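Here you get one chain, nothing else, as structure tokens; it is the form predicted alone.
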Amino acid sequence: MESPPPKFALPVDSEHKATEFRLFSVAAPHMRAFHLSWVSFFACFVSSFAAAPLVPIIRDNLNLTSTDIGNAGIASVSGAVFARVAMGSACDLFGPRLASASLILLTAPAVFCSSISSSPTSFLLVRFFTGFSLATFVSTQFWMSSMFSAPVVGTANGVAGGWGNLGGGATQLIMPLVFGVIRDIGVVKFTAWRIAFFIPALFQTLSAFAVLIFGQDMPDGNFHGLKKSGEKAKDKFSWVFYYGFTNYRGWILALTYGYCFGVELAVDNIIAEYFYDRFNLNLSTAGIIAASFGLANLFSRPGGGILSDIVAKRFGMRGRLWTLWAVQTLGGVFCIILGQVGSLSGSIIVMIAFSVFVQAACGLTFGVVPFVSRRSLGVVSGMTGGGGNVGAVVTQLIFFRGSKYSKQTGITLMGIMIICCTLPLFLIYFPQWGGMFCGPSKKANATEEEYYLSEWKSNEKEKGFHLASLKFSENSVSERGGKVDSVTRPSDETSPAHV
């Protein structure tokens, strides 16, 4: 029987996930989903950190103390801890399109309300609720993992996450610029900063409508339509949640992600003020320097994702893990050095090196996450993403709240924590692929199929609920790496009993 003509612009695998990543294409559904996901996440990042570069003005207007500013910074990232875990479950059950657009629209009013903040408490509250929008990171990674196949999923996740994170750097340029334009047309500065918040609020709102109108959950359609037609099983939340939360690999990645992405969030909140106060710079100059930290995401986080895919072709999952550990540890080393450098030029150079490595580690992390669980991909993504926010909250509480530590001492101690909290990667082990120090299990049933189908009960398999996991297991064989000798894996030659 002749195969039907391809219905996708990109080559696809058996799950209809794209096996190529064409950055400058907008072909539906794969590349269109990519561009919608990173633009909407970018908008949320701009909104969440819009206040940071304007803090020197806002603190004078609202009489904020250093403790108030620290608490507001913590609030901006703490709100997304629970939201990211919830977003993961929402993606598993309702799809990334509806989940992300709903959250963006629900948090947009908080951005508008930033303009009417009148006290330290109201300022903290609007930053807290605006920060919930950062949970769209989880839907971004889930969406990319649903659209792109194993050989390019690290690249897709890295570029989408990295370009979204660019918002943290872009807002350091955008907000002072918008503030300056409004002030220069005759508006007093304590009113100008309030009007400036309408720009990120409007951008965020429009991005949500774009996702709803032009987006698609999966290569074959939206969750609602696929469930209605019977092409996608209606999964139970309790089992999705259970298999995600009981997979220890997800918890380790949540911890380590807390000290790459979490550190990035913490630095986004303090870096402009750090350069402004320590080197006596003006607001615009401090903003430009601070922007360079976030803007490195243009290439650093995507570079991490691309690097993860490159090493996986040769060394498989073990290569992904080793590269993640090495890059994140180097990020910690540069962070320590940043806190010790006393010159402006030296600080800028070290800060850029630090940003490249810590952001590349973020991309490398989500080169591993899609393989932890197929059934509970959203939950594991949410746990890992939430871990990033927990790391940011803990770091800011310990080192950047109040006056216990100077900013430079806090940065040095943060670097030490990065190195220590990256060590648990040594404990991650996949029976079918191995870990950093051990090769794959020699047991006959240590296969991709056995690993992913273990998440389904026998009665669910009888109903065919496991078929998507079966296809995924077939497509993830590439994680064995190019050096694996097929003779050492005799189980592949045995036909699966249920086929």
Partner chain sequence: MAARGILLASLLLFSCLAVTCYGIVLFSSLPSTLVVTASPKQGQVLKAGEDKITVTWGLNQSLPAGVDSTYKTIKLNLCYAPISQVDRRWRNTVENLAKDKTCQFLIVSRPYDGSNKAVQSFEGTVERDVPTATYFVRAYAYNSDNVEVAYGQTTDSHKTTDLFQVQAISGRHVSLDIASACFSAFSIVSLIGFFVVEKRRGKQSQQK
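Please read all numbers here as calculations on a predicted model, not as lab measurements. Positions refer to the first chain, counted from 1.
The next section is about a form of this same protein that is not shown, the form predicted in complex with the partner chain.
Not displayed here, the partner chain is approached by residue 277 to within 4.5 Å at the level of heavy atoms in the model of the complex. The partner chain in the model of the complex is not approached by residue 330, whose heavy atoms all lie more than 4.5 angstroms from it. For the chain shown alone, residue 407 is a contact residue for the partner chain in the model of the complex, at least one non-hydrogen atom being within 4.5 angstroms. Though the partner is left out of this view, residue 313 does not reach within 4.5 Å of the partner chain in the model of the complex, counting heavy atoms only. Segments offered: 339-347, 277-285, 170-178, 127-135. Contacting the partner chain in the model of the complex at heavy atom distances within 4.5 Å is 277-285. Among the residues 419, 93, 195, 352, the one placing a heavy atom within 4.5 Å of the partner chain in the model of the complex is 195.
Note on the partner interface in the model of the complex: the residue among 241, 82, 209, 322 having a heavy atom within 4.5 angstroms of the partner chain is 209. Contacts to the partner chain in the model of the complex (heavy atom within 4.5 Å) from stretch 62-89: 63, 64, 65, 66, 67, 69.
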